[in-house]
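As structure tokens, one chain now follows by itself in the form predicted on its own.
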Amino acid sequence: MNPDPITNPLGPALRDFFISADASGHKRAYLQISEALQNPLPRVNDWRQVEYAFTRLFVGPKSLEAPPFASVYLETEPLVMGPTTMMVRSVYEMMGLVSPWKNALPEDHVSLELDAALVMENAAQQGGSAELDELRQFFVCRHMAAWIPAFVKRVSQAESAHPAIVRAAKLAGQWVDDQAVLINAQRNQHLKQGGWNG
């Protein structure tokens, strides 16, 4: 959706892990995650097993064990391309973003949402605005924080889960939590200073 932002490399590495299409992509992103943490993750001996597990969890063609779409966790009927997907698409449009997978991959895919959060973080670091502040607070602190924990839990409990994927999912959950804390702290700081017009 956008070039890598000038942020901590953990977010981009997590984004890349969940959009990777094969074992080599998973391995590359996993190593980037490990580097970002500055703490080696458990060694993976067979990346083909990660790819097989990833396919069963997130890709199909059989029923997904842990669908990576917000709609599944936020709507009464666990379907994609419904109101949640359209809402997320509208958020991207407000940011001037268009998914490169538009009409091929629902916009509420975990990787696309991580990417959008990174773009928002990057824009905030460039100066931000009241509108961006509101949009970022809604998207990360209310929308992503509402479904990512359920996604992480489902990955962790899935029969096909691989330890590397579970670790990446838990780190994604922690990343969203950390972002929410940061966003709320920045928001409170702006309010103390009289708001964006203060």
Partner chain sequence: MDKRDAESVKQAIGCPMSRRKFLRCLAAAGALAAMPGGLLRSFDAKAGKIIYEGDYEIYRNACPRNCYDTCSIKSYVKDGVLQFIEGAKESTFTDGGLCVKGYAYTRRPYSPDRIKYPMIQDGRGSGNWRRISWDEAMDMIAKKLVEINDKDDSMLGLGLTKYSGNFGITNYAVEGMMTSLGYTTRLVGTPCWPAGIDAQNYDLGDMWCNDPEDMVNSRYIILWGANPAWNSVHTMKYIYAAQDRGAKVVCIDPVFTQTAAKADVYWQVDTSMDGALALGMARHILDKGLFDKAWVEENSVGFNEFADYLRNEITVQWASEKSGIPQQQIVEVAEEFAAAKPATIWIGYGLQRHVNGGATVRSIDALAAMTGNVGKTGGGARYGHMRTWGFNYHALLQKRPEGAKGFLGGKGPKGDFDFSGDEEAEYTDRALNINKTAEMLLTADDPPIRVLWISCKNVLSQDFDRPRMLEAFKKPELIVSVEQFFTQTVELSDIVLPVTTLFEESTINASYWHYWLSVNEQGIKPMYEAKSNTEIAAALSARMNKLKPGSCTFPTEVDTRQWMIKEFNQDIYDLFGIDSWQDLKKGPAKAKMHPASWHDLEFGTPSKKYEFRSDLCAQHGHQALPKFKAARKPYDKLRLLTPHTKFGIHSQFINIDWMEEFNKKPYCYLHPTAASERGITDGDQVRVFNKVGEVELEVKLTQNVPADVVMMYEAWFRNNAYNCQNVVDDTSSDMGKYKTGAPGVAIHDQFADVEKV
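None of these values were measured; they are calculated from a predicted model. Residue numbers count along the first chain shown, from 1.
Beyond what is shown, the protein has a form predicted together with the partner chain; the following relates to that form.
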- Query: For this chain shown on its own, do S63, V72 and E93 all sit within 4.5 Å of the partner chain in the predicted bound form, going by heavy atoms?
  - Reply: yes
- Task: Using a 4.5 Å heavy atom cut-off, state whether V44 contacts the partner chain in the predicted bound form.
- Result: no
- Verify the contact flag for S34: yes if a non-hydrogen atom of it lies within 4.5 Å of a non-hydrogen atom of the partner chain in the predicted bound form, no if not. no
- Message: Although the partner isn't part of this model, could you tell me whether G127 comes within 4.5 Å of the partner chain in the predicted bound form, counting any heavy atom of the residue?
- Response: no
- Query: Should S156 be counted as a contact of the partner chain in the predicted bound form, where contact means heavy atoms within 4.5 Å?
  - Reply: no
- Message: With the partner chain taken in the predicted bound form, which residues across 24-56 come within 4.5 angstroms through any non-hydrogen atom?
- Response: R48, E51, Y52, T55, R56
